[in-house]
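One chain comes next, on its own, written as C-alpha cells: the form predicted alone.
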C-alpha cells in the first residue's frame, strides 16, 4: 500500500504524462520490444514490425490503464479486475513479463523527466507499478 507521500509522487509524475498517453505508451512498447524481443509474442496483432499508428493506439490503451490505476490506488483490485481477467484468462500473458515492462517504464520516465524524476519518485513508481502487476497476476491459476 502506498503512503500519502508515495501517492503524491505517483500523481505528480502522472500529471506530466497525462495528455501524452499515446506517445509515452508507444515509446514504452517500442523499448519493451527492442530490449526484450520475446515479449512481442503477446502482441501478434501488431505484426512483426509494428508501425507507428499501431504502437500509438496500443500504447495509449496501455497508459490509459495505468491512468485508471493512478486514479484508483486505494481500489486497484476493483479497478483493474477486467484487465486482470483479460491478461490471465484470455491473453495468458506470462507474469514474468510484467517486471520487464516495469523496468522499461522506469527508463522511459527517467529519460523524459531527467532531473525531475527523483529517487523518491522512482521508488514510489516502482512500488505502485509492482502493486499493479501483482493485481494483474492474482487471477492466474
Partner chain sequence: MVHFTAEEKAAVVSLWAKVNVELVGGEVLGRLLVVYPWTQRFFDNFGNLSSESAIMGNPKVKAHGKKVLTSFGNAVKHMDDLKDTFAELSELHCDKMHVDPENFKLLGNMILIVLATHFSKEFTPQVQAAWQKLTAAVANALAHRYH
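What you see is a predicted model; the values in this text were computed from it and never measured. Numbering follows the first chain given and starts at 1.
We do not show the form predicted together with the partner chain, though everything after this point is about it.
The three marked residues, 57, 61 and 91, fail to reach the partner chain in the predicted complex, with no heavy atom of any inside 4.5 Å.
In the predicted complex, residue 34 approaches the partner chain with a heavy atom inside 4.5 Å. Contact annotation: residue 122 falls within 4.5 Å of the partner chain in the predicted complex, judged by heavy atom distances. The partner chain in the predicted complex comes within 4.5 Å of a heavy atom belonging to residue 112. Contact annotation for residue 106: at least one heavy atom lies within 4.5 Å of the partner chain in the predicted complex. None of 79, 86, 30, 65 but one reaches within 4.5 angstroms of the partner chain in the predicted complex through a heavy atom, and that residue is 30.
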